[in-house]
Each structure stands twice: as structure tokens, then as C-alpha cells.
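Next comes just one chain, in C-alpha cells: the form predicted alone.
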């Protein structure tokens, strides 16, 4: 059992598990940065899809009521734990063990936007769409066994700074855009709007123009994380983990799976450029990243 002593800015139980309810209108949800979520789970011996906590901007404070192994993966180098009345500092990106009464102290995520906290056995979460945690809330961990210690030797996907180049494949409605519009999209610089959320990253920059007979509106169809929609005002929207299941805006491109974690770690105000790659290149990039993830864990 763990108790939330400081809820942070936004701390949400997430899992990479697919519930396959999108046809019924239920968002896929899950972690914004699925790669770091998986790494955190692997550090404590969990299945990749075990429930864990996603912390935005600020790590939550947590009091442990039983022996628990946990790991913190994200843009901070160390965490502090009150143990036996003393404040102890430990490096992140490794397996850490907590004793009953220990308290993990809240602290800022220094780089990137999100960090992930995994606990041995995972968290018991019964809702398909969990709510953010609140102060005083108690969450059940599913195992008190301490797994063999592991650590990350290197970050397989370094955190972005204040700008990023996101690689994309051609979108379903790429032919709805004019040559001028496509040129603006691929050569222009876009800024991450503060109006963004887990549903999507709103961008503002060079407006993307449409080809004759098109205005950005289409018959609603299925959408997924990584799709880039362009509404009538020409300002792109990158759909993220909490996106709706269908949409009626033309899709100019789709961010490749290996670069979605990069987008998830950018902060409002960051500059974004887009680079088109082929499906074959996207698959090769994803395979290389998966191999780096395996090699990074010791």
C-alpha cells in the first residue's frame, strides 16, 4: 500500500495495456511517453503493461506502508526519501527499495515534462479511465517481493530540450493540402501552445493551406495517437494519448511511434519541425529504439 502525501501537479495511474474499446468511443489513454513507462516497469520486474504513475512537472510525495521496490524514470537525476527520520538521496533510473514508513518527497521534474513511477507488482487499478490521484489517497501495490536490482546504463531516448524534429509519415488526407500548404508544414517552425493537454498538442505557426475543394473538414473517421489533424484555421494539432477515437479534420501526417515519446516530453513554448520519412524507415527506427531499450538495462 502507498499513500499520496503530495499529489503533485498532475499524477495519473496509466498502463500501456490496450482495452480495445475504441470502437465504443472509449479513448485508448495510457502513458504519454510509453517508452519510459515500460523502462520503469522493467526496472522493478513488472510486465510492460503494469499500472504505474505518470507525473507531470512535479513528482508526487508518497508514503510506503509495506516493503516495496520502486523506480523513477524521467527528467530528474535523484530523489529524496525520509527513512528512519533521516533524509536520504538516491539516484533515479534504478531499482530502489522502500521500507514501511519511508516517504518519497515531492520534487520538480527538471528536464522534459513527465516522469514515471513504477512499483513492484504494479498498482491495482479497476477503472478503464483512472482519475488523477489526490492527497491522502491510498493505492494498492500488487507485490511485496523485492526483485533483483537493475539500473539503466544510458538513456536510449535522450530527453528533448526546447526544440525537436519529429519524423512523420504521410497522412491519410495528405492530398487535401496544397503544395504551398505542404511546404509550409515541412519547412515551417511551429510552437507548442500552452493550450495543449493529454488529448493533443496544439501548434501555432505557418498556416497550412488546402487544395481546391477542401477546407480541412472530412467525414469523421478513426484517429489514433500520433495523427496530425489540420482544422480550417490551418494550425496543426498533434493527437496524443488521451485523444478521442474519431475526428473530422484532415490528417496531414502521422508522427512515427519512436518520436511520440519525444513529443510527450516537450514543454509549452518548445519549437517543433517536421521531417517526412517512409514507413520502412519508421519501422527500422522503432526496431533500433527497442534494441537500445534492451541494451540500456543492466
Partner chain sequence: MKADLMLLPHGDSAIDIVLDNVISSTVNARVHALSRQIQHASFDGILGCIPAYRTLTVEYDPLRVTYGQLCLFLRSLPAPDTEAEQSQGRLLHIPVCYGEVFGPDLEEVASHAHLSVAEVIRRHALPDYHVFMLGFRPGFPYLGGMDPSIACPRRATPRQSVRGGSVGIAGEQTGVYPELSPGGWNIIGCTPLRLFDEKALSLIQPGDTIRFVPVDESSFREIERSGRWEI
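From a predicted model like this one, the values you see are computed outputs, not experimental measurements. Positions refer to the first chain, counted from 1.
There is also a form predicted together with its partner chain; it is not shown, and the following applies to it.
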Partner-proximal stretch of 125 to 133, 68 to 76, 148 to 156, 100 to 108 relative to its partner chain in the model of the complex, 4.5 angstroms, heavy atom: 125 to 133
Contact at 172, 221 and 290 by its partner chain in the model of the complex, all three, heavy atom at most 4.5 Å: yes
Listed residue (250, 266, 241, 256) with a non-hydrogen atom within 4.5 angstroms of its partner chain in the model of the complex: 256
Residue 286: touches its partner chain in the model of the complex, heavy atom cutoff 4.5 angstroms: yes
Proximity of residue 245 to its partner chain in the model of the complex, heavy atoms at 4.5 Å: yes
Close approach of residue 22 to its partner chain in the model of the complex, 4.5 Å, heavy atom: yes
4.5 Å heavy atom contact, residue 18 to its partner chain in the model of the complex: yes
Partner contacts for 265 to 283, taking its partner chain in the model of the complex and a 4.5 Å heavy atom cut-off: 279, 280, 282, 283
